[in-house]
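Take a look at this one chain, the form predicted alone, written out in structure tokens.
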């Protein structure tokens, strides 16, 4: 292995990570969900799964002390990092000193203009996202990314294994829900590897998974998007009820309220019983239901909000 590659991997070890944390008096901050990766093989696996090349501009969310950033710098043409914890400024100044193709934006990813990053640093071309996501804000971050149109080619992230299982689940399973449908509408999810708590400092209390989401150029189903996600929200907010009851008692897109009779008639048109629950319907069936129950009511654009 070349000396440069060895230097780039120095942080991805327990000893090097502890040294940096002690040198700068850093403790993992619970409010930011910080768990620092200490296994270079895991980091290389993430980069390989994301298929990073010198032609890519990568957005890394939460670089921490720079362990994955160092390796990304060697693999990608450019790396844009968004980090909320400004106490890490002196650390990253040292650990990324030789990474000339890395730019750090000190801000909250949930308040970041992602289209502006794409335009400013990649000529408007789609980015690739790589991140070890804080578990407590995984879903808001994922949905913010996925809802962007033509901003990302792929999203490769470390998430809690339970969340990865939910995202990849299908109709009829206990993990299946609104998050599964939302993610699968925008991207094809693939579980790359399971990661042990021993690969982090501090150790989380659960296993993690690396998940690769490859964005669709066009949605995989034809639907009335606003209506469909309104129906999904209503269905899984009251998942123990039949779909007809859940939707008729729920708030749907643009303020539209459907009666139980309207929903039952639509289900019958689809060949489904009036007693069916939302957890039994596939993405394709929710899409079909949205077309039958549409058109959507006029109203302000809303985030999916899962």
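Keep in mind that what you see is a predicted model, and the values were worked out from it rather than measured. Residue numbers count along the first chain shown, from 1.
What comes next is about the form predicted together with a small molecule, which is not displayed.
J.: Quick check for you: of 77 to 85, 230 to 238, 169 to 177, 207 to 215, which stretch puts a non-hydrogen atom within 4.5 Å of the small molecule in the predicted complex?
T.: Partner-contacting stretch among the options: 77 to 85.
J.: At the 4.5 Å heavy atom threshold, is residue 134 in contact with the small molecule in the predicted complex?
T.: Yes, residue 134 is a contact residue.
J.: State yes or no: in the predicted complex, is some non-hydrogen atom of residue 34 no more than 4.5 angstroms from a non-hydrogen atom of the small molecule?
T.: Flag for residue 34 set to yes.
J.: Residue 107 versus the small molecule, in the predicted complex: is there a non-hydrogen atom within 4.5 Å?
T.: Looking in the predicted complex, residue contacts with the small molecule include residue 107, since a heavy atom lies within 4.5 Å.
J.: Although the small molecule is absent from this view, report whether residue 67 comes within 4.5 Å of it in the predicted complex, heavy atoms only.
T.: Looking in the predicted complex, residue contacts with the small molecule include residue 67, since a heavy atom lies within 4.5 Å.
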